[in-house]
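As a starting point, one isolated chain is supplied in structure tokens, in the form predicted alone.
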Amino acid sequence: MLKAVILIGGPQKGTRFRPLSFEVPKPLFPVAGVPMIQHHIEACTKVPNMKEILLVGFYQPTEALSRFLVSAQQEFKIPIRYLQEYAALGTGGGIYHFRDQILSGGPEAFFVLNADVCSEFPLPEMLAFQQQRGDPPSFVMLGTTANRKQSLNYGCIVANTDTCEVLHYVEKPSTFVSEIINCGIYLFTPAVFQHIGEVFQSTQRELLLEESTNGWQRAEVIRLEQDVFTALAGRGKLYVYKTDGFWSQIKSAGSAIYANRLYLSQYSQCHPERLARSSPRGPTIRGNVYIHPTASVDRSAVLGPNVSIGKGVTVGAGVRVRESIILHGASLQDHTCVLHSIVGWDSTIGRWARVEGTPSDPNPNDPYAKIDSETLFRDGRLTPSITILGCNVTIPAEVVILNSIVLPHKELSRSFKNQIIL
């Protein structure tokens, strides 16, 4: 039997995702119509013999998280539980702390997935790849190719070209190491806890030498990437499975728009029923568009490509929406134009208003380009990026909001450009 662990982090993470993470925990932010981690859960349930999915993080178990767990269990017919850490324990510390829960029932192997990635999740292929590596079963990490410059922002993997064994691993190197980067998706056997335990004990010894008062607590903070993989590389135990499928991180709100595009494109292959179609009585649909069944969209609206319309959204006559996410309860009044933007929950955009951002897409001419994690400011000025309206924002009629971030519960009275509106 198999299990899966999804690492969802906690509230002090995801700060680059503000103001959207004020309303819901980042892992529950809707991308392509469903919460971000639902894509992970769906991929896990397609693996044969998957018996349980565990979410590990240090969010307080809110009502939203509980509701999501109940509905996901009903939809996917598999036990899904949330295990709350007492503090931020790092990517290895969380699974080590809950190792008894992960190993209960005796799984032969378990997947570990970071919540802030979007991917095709080739989990069955990783499983088959692990079985081909012979006995004893090895650990497998998913890798993909990045360009030389961007590889420095990720964990870099040097692998044997014939056997795919990981010979060397460096997290965010200062100089070029390899174009193969770590995707944050792993397949482990229970033996991995022995290696994490070694790190825990050596950290504990070091902290005892320092005579730290709460050394045991700090020793539990273990990072898979820097502490475990670096030590395992070159010992014949860690292998990389390279994927050519799509993969991207979801660190900032701008990258959520890009992930939305990737998942909608995947729907056209494997879930065409989730995509809207143009019909004589409905709006004009261009490209891949998701519309929630409860949304009310005027037939003269033009939507797409790459648009997600959430629950209970109202889209008026003559509205144009492109490359955007409209969250539940929002209202786009007649003839508004929304491009490269995220419109927050219960926000209202007045008639003939224009809300527009600047896309932060990867270079389309480079097949290995990834999305850059842009800094919010450059040279003391706001970097042009997508426009974000927090929840319950009101935009008046006939104004232009360009490359701006509007915090929740604001009622604007004029146009803004390149500003954070507090």
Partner chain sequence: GAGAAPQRTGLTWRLPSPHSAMKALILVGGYGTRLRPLTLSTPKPLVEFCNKPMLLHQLEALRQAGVDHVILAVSYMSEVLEGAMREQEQRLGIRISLSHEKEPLGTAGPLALARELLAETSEPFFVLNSDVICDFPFTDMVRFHKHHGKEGSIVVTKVEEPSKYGVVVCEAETGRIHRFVEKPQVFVSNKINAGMYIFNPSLLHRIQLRPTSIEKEIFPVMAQDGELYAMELQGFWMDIGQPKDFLTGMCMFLQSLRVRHPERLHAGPGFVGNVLVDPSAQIGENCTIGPNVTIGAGVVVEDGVRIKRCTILKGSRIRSHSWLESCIVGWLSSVGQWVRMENVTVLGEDVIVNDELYLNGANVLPHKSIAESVPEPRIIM
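Residue numbers count along the first chain shown, from 1. Values in this document were obtained by computation on a predicted structure and should not be read as measured data.
The form predicted together with its partner chain is left out here; the points below concern that form.
- Residues Leu89, His195 and Arg235 are none of them found to lie within 4.5 Å of its partner chain in the predicted bound form, as judged by heavy atom distances.
- Only one of the listed residues (Ile78, Leu167, Cys337, Val177) places a non-hydrogen atom within 4.5 angstroms of its partner chain in the predicted bound form, and that residue is Cys337.
- Contact with its partner chain in the predicted bound form, defined as a heavy atom within 4.5 Å, holds for exactly one of His271, Arg223, Arg322, His292, namely Arg322.
- Of the candidate stretches 32-40, 353-361, 51-59, 386-394, only 353-361 has residues whose heavy atoms lie within 4.5 Å of its partner chain in the predicted bound form.
- The closest non-hydrogen atom of Val399 lies within 4.5 Å of its partner chain in the predicted bound form.
- A residue is said to contact a partner when one of its heavy atoms sits within 4.5 Å of a partner heavy atom; Leu207 fails this definition for its partner chain in the predicted bound form, lying far away.
- Taking non-hydrogen atoms only, Arg286 approaches its partner chain to within 4.5 angstroms in the predicted bound form.
- Taking non-hydrogen atoms only, Gly329 never approaches its partner chain to within 4.5 angstroms in the predicted bound form.
- In this stretch, 87-110, not one residue has a heavy atom within 4.5 Å of its partner chain in the predicted bound form; the partner itself is omitted from this view.
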